[in-house]
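Quick setup: one chain, the form predicted alone, written in structure tokens, and binding and motion questions come after.
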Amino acid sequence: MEKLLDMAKKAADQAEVYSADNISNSVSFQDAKLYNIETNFLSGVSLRIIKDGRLGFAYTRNLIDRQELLNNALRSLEGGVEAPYELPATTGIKKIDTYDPTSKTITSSELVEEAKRICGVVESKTTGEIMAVAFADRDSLRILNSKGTDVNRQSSIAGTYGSIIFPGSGSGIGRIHQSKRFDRMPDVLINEMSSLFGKGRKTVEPKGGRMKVLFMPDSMITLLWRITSGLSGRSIYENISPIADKMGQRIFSPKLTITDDPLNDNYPLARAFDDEGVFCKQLTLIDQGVLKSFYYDLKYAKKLGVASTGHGYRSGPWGGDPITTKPGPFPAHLFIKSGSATLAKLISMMDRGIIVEGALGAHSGNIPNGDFSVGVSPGLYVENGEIVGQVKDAMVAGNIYETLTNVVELGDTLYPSFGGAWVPPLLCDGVSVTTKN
């Protein structure tokens, strides 16, 4: 990598070498039977150069011919992509705990046994099509640039996923458990999943209208996608964020506090630096409903005359291969502050409403503007604080800048969710629900 950087420094004004490795082991069960065992190893090197204010980019899976890689990056300068920013000079990064050495010794047999155990526990509690996954991943990353930055990290993430599918629907109730080391899915998650599935076996056809809606973690993509869009430096620059001029104003309920905290190593995939080598820090985006910050990578920070907040990542909400992807702004460690209510308490607070376990068509609606219109799949209908049954062919619609001003309460437990976020169940009032009736 050092030799490649030296070559690139002679050919360009600025240069960055990015090297990453990933080892992934996973097993999956379908209908409570072993379906697949998979091991993947992915590695590569990418080169980013800046010359005369233009960006060059190239990558390879095997660094055999450095000159060819550099030539490819130089040729890509002809695309005329602007790069008005300076690469960072990063030294003395904060030491955080991102890697558990036991992750290296996890075997496929152990993953199979845990996924099998989850299926067995669920089978003892209810009947349905049971899915289970167990996985263990290890990553390593190193970034060098022409400004003297030389940073690296190791990380591990392992976890389990279980789901129970409603007959004939293709949708079900699922829960995921993640940590830095591989361990058993907590019983509380299995029990929660089984209980909700059991209460939703009966199909009901309630009337639509405005009512309470409980967004569960698997459906929070509906809200998070639009929240992150509004807070992005890219959206500010492109003049598509409806909250660009709302700094210091209350835009959501006082019950809602949202931070991005990559340094919190109580959770997996913590980071001390982003994919551009910029220092990471805790950033409060929304404080008790008040807009406090936007987030930026190097490119959009320069365009807007501010400093990068350390949010330049090579994979966005949908993941992707960081070797082949150029950095862009994204909050990869989003946290919504939990409330004080248990899930049972949240349900008891619903006189009439829908529990949205999953959302279909999260892309529907004007995302930058905050509009959403999603199918509920699955959804559970609640009356007088009790789950009555599963509701089919229902839709939930609105705008987050209205919906999130009507937050009734948040759950007391954080769950992993869309784009690396950790969120509690979120109960809102006055949400528009359309049903067959």
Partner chain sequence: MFEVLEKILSGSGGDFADIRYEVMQETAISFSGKELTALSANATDGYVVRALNKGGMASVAFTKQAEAGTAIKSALENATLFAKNTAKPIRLAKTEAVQDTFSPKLGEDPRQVSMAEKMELVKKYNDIPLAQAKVVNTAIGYSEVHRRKYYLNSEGSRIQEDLITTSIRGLITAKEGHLTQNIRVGIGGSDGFGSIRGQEQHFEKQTKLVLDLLQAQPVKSGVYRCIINPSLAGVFAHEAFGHFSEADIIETLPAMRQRMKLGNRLGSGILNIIDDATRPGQLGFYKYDDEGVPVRPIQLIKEGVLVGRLHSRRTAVEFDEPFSGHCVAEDYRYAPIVRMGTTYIEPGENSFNDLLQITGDGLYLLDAKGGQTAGENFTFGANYGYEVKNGRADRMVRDINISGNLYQTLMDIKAVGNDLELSKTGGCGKGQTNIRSCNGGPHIIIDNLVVGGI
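Residue numbers count along the first chain shown, from 1. Predicted, not measured: the structure shown is a model, and the values here were computed from it.
One more form of this protein exists, namely the form predicted together with its partner chain; it is left out here, but the text below deals with it.
Each of Gly168, Glu238 and Thr434 comes within 4.5 Å of its partner chain in the predicted bound form, counting any heavy atom. Within 4.5 Å of some heavy atom of its partner chain in the predicted bound form lies at least one heavy atom of Gly398. In the predicted bound form, its partner chain sits beyond 4.5 Å of every heavy atom of Asn266. Taking non-hydrogen atoms only, Lys302 never approaches its partner chain to within 4.5 angstroms in the predicted bound form. Among heavy atoms of Asp21, some come within 4.5 Å of its partner chain in the predicted bound form. Of the listed positions (Arg153, Arg138, Lys326, His177), a single one reaches within 4.5 angstroms of its partner chain by any non-hydrogen atom in the predicted bound form, namely Lys326.
This chain appears without its partner; in the predicted bound form, the one residue of Gly79, Gly148, Gly120, Pro254 with a heavy atom within 4.5 Å of its partner chain is Gly79. Partner contacts here mean any heavy atom within 4.5 Å of its partner chain in the predicted bound form, and among 273-281, 328-336, 97-105, 168-176 they occur only in 168-176. Residues are counted as partner-facing when one of their heavy atoms sits within 4.5 Å of its partner chain in the predicted bound form; in 108-130 these are Ser108, Ser109, Val112, Glu113, Lys116, Glu129, in sequence order.
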